[in-house]
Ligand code: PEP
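Below sits a lone chain in structure tokens, taken as the form predicted on its own.
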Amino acid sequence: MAIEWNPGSWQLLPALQQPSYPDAAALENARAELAALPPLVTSWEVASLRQQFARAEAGQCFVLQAGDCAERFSECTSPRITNQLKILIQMSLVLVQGSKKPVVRVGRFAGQYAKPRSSDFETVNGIRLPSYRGDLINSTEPALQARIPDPQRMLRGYERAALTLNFIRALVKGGFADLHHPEYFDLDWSLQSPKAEEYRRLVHSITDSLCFMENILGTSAGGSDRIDFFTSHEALLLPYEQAQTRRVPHRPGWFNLSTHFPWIGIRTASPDGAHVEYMRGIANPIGVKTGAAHSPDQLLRLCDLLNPANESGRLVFIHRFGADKIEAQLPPLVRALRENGRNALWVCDPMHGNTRTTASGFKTRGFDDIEAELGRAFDVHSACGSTLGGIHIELTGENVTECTGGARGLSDDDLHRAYKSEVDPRLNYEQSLELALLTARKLSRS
């Protein structure tokens, strides 16, 4: 029987990856308080992103979605936020130069505080504890009381997201991304990167071209001192998403105004589940992680549920397979959508399908595997007559050693030196920039 949608109708269906709050009244009080607070983003920003996704779907621009695996409340600091923004800007400049197209920048932060887990429990220092599910839900502290889900953390997450967005908007509007001054978004620790000189030559060519055009025109190039910026997070904790879902004046429909671009993770992407039910009713562009778990028929059913009007810019499939599986498993999904005339933007996540655990217990990803999956994604889409419209990367501005390989040739033995992630391994600055340069070359050839 069809369910009449409302922001809470997801509660009628199985909801995976949701914490068990011990006090239902406290959860409802926190949700009500959150619902009364101002939105974090605006409906016109959401509408703008949908338009840009429609252009990316048509091959007119390229999407860069990147940021942290799981944000921490304690890491809501100006240096960390600034470094994340610097990486996004630098990678986007590289991609602009390679693709000769505009790049849509979507950050995986200002809300990426909840994470799905493969098990409800984990063993820490020999003690069996409820799993850490992200700062929006519980704490990493290895103690039973700290691992009990606390609904007040939703309010803390909202506050941290608001602070992050406010600072980013101030930086962007204040000229932080001014192309006349690329030195503003250099990272100090990366100056000796093996790829730094190649990046500097590329940026100087952009700056020289900009100055040339301004001299010809006799005026400054409009918009060269600022960029558009959008935020995204996995819409995992449904009470949090519901609380920030509302109607707005002069626009039809309901908007999730905690983020511009929410997505459904691969563990919660069942067509019969609560997350799909929630997402089908909001007006935001929405993403779905997909991979070997989805058959072509399931993908088509998700299209029916999430984009029944078949609108461009509405639905984004973020595919993740692994370098050794993508060539066999992606083509049937791409062909199914093309043969049935379904509109969707395809984005490659080359990170999650290439995760492994070392002999010493570190979860890591190999740069060569990441590069290989991304390259093969371009080839598969081209062979199927489709367009790969973006990439989805987990990265950090810190000088971490979490993924192996790259220009410096990090090995498993290097991981212990600066492994900081609580959940998944991220590319550091050098590896992120190298991947952007490789992607730019692929875009320029295609």
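Only a predicted model underlies this, so the values are computations on that prediction, with no experimental measurement involved. Position 1 is the first residue in the sequence shown; the rest follow in order.
Just so you know, the form predicted in complex with the named molecule exists too; it's not on screen, but the next bit is about it.
Residue contact check: R108 to the named molecule in the predicted complex, 4.5 Å heavy atom: Yes, R108 lies within 4.5 Å of the named molecule in the predicted complex.
Contact of P116 with the named molecule in the predicted complex (heavy atom, 4.5 Å): Answer yes; at least one heavy atom of P116 falls within 4.5 Å of the named molecule in the predicted complex.
Distance check, H294 to the named molecule in the predicted complex, heavy atom within 4.5 Å: No, H294 sits far enough from the named molecule in the predicted complex that none of its heavy atoms falls within 4.5 Å.
4.5 angstroms heavy atom contact with the named molecule in the predicted complex for C69: Looking in the predicted complex, residue contacts with the named molecule include C69, since a heavy atom lies within 4.5 Å.
Stretch in contact, per heavy atom within 4.5 angstroms of the named molecule in the predicted complex, of 336-344, 166-174, 260-268, 303-311: Careful reading of the contacts points to 260-268.
Residue among R160, K86, R153, K289 with a heavy atom within 4.5 Å of the named molecule in the predicted complex: So the residue touching the named molecule in the predicted complex, by this definition, is K289.
Sequence-ordered residues of 44-58 touching the named molecule in the predicted complex, heavy atom within 4.5 Å: Result: empty, none.
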